[in-house]
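What follows is one chain in structure tokens, specifically the form predicted alone.
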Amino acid sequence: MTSLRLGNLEIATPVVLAPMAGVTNAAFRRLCAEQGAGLYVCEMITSRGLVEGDQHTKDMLVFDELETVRSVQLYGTDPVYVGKATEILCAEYGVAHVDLNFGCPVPKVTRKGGGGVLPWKRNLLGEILRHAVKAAEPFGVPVTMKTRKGIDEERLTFLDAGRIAAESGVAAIALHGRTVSQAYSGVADWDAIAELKTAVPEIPVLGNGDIWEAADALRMMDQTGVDGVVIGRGCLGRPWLFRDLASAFAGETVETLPNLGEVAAMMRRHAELLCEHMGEERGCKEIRKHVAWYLKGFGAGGDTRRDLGLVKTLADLDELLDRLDPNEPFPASELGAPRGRQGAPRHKVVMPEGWLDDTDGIGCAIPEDTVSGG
């Protein structure tokens, strides 16, 4: 079985769950971990929010009791805040891995100079990485980073980002093969991922983008030479993907094609975990957003889908799931099909005024957000 080493941390399979706002809470991470080994990263939080004690940020730092490796993705634009936040995560929350987000394409993040546009400021990127690595070092906690190809095809940053990451002591770099302007549209550029792997032999490189089935992960590793894969939208409504991935990396050719009864059981387990962590009212409200993903391609009727989208109790959920035909086979049309948001490319990436004027960024007076979350 292929494993992945990040500093002193070894992951049994080279698979990382990408943080997705409003999705990768403790319950979902537990659900996915029950399917197969990997590194399951907490939703992105802001460094300033953590340092200044924002309650919403602290509420997001909830871990399941069986979450033996606590992993958190951190967002920030200020090296000092990022360093302090990293120290807090290590010292007070027992985090074993910190991932820095330099890939988010959401306007609320990029307009502050964060996420996928920050690597344009090469010196600022290096300062942030060095502060984080230095803060984590006494605890033996590896720091990794995730980024995109660049702002757009004319402003590519991934090769410089890889070089700076290696020079700064980062344990690994993950590349989503799209630009910020692409957001989630189009096709991920695996050639860019391969180029980064060749350019940065000193540290592990992880690939992200368009992995919908376990076979896609094997194909990406074969084509690009990456050390591991990052799974995002591909697991929406399909947490068993991690079981398929574990089997694939173990050399087994197992592909899960659950019938609707098995999917309903997975949905029920998901709701149960959500209720354990959030209480029944909030947990049932949370499961509603997953209904369309779980039932994608199945012939469940419109009334049942609507009612599932309004479910309030686990008893109600059980009654509604009983309406489904448990023997309905998994829709073959969904194999390899994109999941989650796609949208259209952005003609203009929102950035601070004058952001492209230089590639320095030291001393930028763009304040970070205090409140975490998407």
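No experiment lies behind these values; they were computed from the predicted model shown. Numbers follow the displayed sequence, beginning with 1.
One more form of this protein exists, namely the form predicted together with a small molecule; it is left out here, but the text below deals with it.
Taking the partner from the other structure, the small molecule in the predicted complex has no heavy atom within 4.5 Å of any heavy atom of S71. Although the partner is absent here, G232 sits close enough that one of its heavy atoms falls within 4.5 Å of the small molecule in the predicted complex. Taking the partner from the other structure, the small molecule in the predicted complex has a heavy atom within 4.5 Å of a heavy atom of N208. In the predicted complex, no heavy atom of F139 sits within 4.5 Å of the small molecule. Picking from 256-264, 270-278, 178-186, 90-98 the stretch near the small molecule in the predicted complex, with a 4.5 Å limit on heavy atoms, gives 178-186. Among M44, L50, L31, L308, the residue placing a heavy atom within 4.5 Å of the small molecule in the predicted complex is M44. The contact residue chosen from K146, R238, K121, H131 relative to the small molecule in the predicted complex is K146, the criterion being a non-hydrogen atom within 4.5 angstroms.
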